[in-house]
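What follows is a single chain, given as structure tokens, in the form predicted on its own.
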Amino acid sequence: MQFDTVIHGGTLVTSSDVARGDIGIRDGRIVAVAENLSGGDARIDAGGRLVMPGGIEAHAHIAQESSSGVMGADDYLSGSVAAAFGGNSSFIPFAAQHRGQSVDDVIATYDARAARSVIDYSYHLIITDPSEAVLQDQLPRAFARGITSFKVFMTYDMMNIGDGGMLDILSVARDHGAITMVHAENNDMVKWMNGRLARAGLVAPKYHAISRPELAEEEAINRAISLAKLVDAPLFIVHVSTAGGAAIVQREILAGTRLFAETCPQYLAFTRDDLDRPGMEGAKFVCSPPLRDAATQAALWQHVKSGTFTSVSSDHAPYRYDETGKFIKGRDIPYPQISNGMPGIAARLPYLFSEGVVKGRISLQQFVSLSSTNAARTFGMTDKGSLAPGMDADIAIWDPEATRVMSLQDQHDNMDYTPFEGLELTGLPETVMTRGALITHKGRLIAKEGQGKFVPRAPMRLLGDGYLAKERDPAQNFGAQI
């Protein structure tokens, strides 16, 4: 068999197995996996290192305006380069619809922006205006193109679509095999807390930590699940930050609910004490949901280990520590006016490997599941996330013994800080390939701008009977078909 490239002498790691072996690549796909492969126009000596599916970053904000009009620092060139240096071979950022916009126009805008990517990409839509035209015409057209996931918000006045809007969205998703992602926080609880803090003059960055209560997340997660169960639609809870929220997710998954969830490195690495740094330094750690406490960190790590979470995603939201980002409304401002989000697309996988695998919290196979395979399966990237013949040759080679002290320079993004500055890591990606083409190799960017391709994603295949509410069961609701 003829190969364009052979990766040899490595330890192959998938979501289920670890074994020595070689990989043969032709025309951008894996065509052979064997103990020993000869030949190849090019041969890459893995030298005993770990050869894994490239990471799939399934939660990142790239070249995206916030609801208040603030553009993040990373475009699709810098964002994809940073993702690749962090061990990712593809990603699924958000394409945000704001009130009054058509989904068709949103997709056209992001198609133009994404053309600069060096790795493969798709989009999750953000829907904030679920009009009849959007629900009945524009979303089905997006699904047909292979954009089979979208996100809705239960908080933020400019993005919250209400419970009725969520039911409409979930129903359309169910009919078309799409999956709905949700930012789950109780909007009124958050607004009530913000009002109390403002009246008391408690507006320093540290008070962001208590302005969005754990109960607000837990209530909204429970409510979102109930809404999804009513229409038997699959649901993905993003950035779970609380022990109570994770416990609800775990309970419902064990009960058979069509439910998926993620947490993020910032909730495992930092606490609300980081918001109480001198001056305005705490602004660097303002994100929503907010950072919690050490006990919550321990609980979340346990849920990562036990399989509650489908993935660990970065929620990369790159707002610089200057007047273009965090302080676009000025330096001396109350915490609600600080741009909300933290960078981390390049740090996600090195952090998860070092703190998860190296410290014995998760296995290598779990690392592959959380970093790549589960995202591919959940979001319909049917040709990615595995080292099997016929799959895209999206591959990351990791040196499990390499060490680094994290710094801004290592991130390769357009940010002026990293919250992970100074953290000592063990285990780093040294080579990343997308469809058999080198993207990064031993600290160098090999790929050219625009090398990535849009990935149409398959609809979700729903297995089993799911949840049938009595009120929607014709056998129990007087035969009504609703």
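Note that residue numbering begins at 1 and tracks the sequence as displayed. All values derive from a computational prediction rather than experimental measurement.
There is another form of the same protein, the form predicted in complex with dihydropyrimidine-2,4(1H,3H)-dione; it is not shown, and what comes next is about it.
A.B. asks: Using heavy atoms only and a 4.5 Å cut-off, determine which of 346, 370, 317, 395 is in contact with dihydropyrimidine-2,4(1H,3H)-dione in the predicted bound form.
C.D. replies: Exactly one listed residue reaches within 4.5 Å, namely 317.
A.B. asks: State the residue from 351, 143, 153, 236 whose non-hydrogen atoms include one within 4.5 Å of dihydropyrimidine-2,4(1H,3H)-dione in the predicted bound form.
C.D. replies: Looking at the other structure, the residue within range turns out to be 153.
A.B. asks: Can we say 59, 183 and 288 each have a non-hydrogen atom within 4.5 Å of dihydropyrimidine-2,4(1H,3H)-dione in the predicted bound form?
C.D. replies: Yes, because 59, 183 and 288 each have a heavy atom that approaches dihydropyrimidine-2,4(1H,3H)-dione to within 4.5 Å in the predicted bound form.
A.B. asks: Looking at 41-49, 440-448, 26-34, 59-67, which stretch has residues with any non-hydrogen atom within 4.5 Å of dihydropyrimidine-2,4(1H,3H)-dione in the predicted bound form?
C.D. replies: Of the options given, it is 59-67.
A.B. asks: Hey, in the predicted bound form, does residue 340 get a heavy atom within 4.5 angstroms of dihydropyrimidine-2,4(1H,3H)-dione?
C.D. replies: Yes.
A.B. asks: Out of 194-233, which residues reach within 4.5 Å of dihydropyrimidine-2,4(1H,3H)-dione in the predicted bound form, heavy atoms considered?
C.D. replies: Heavy-atom contacts within 4.5 Å come from no residue here.
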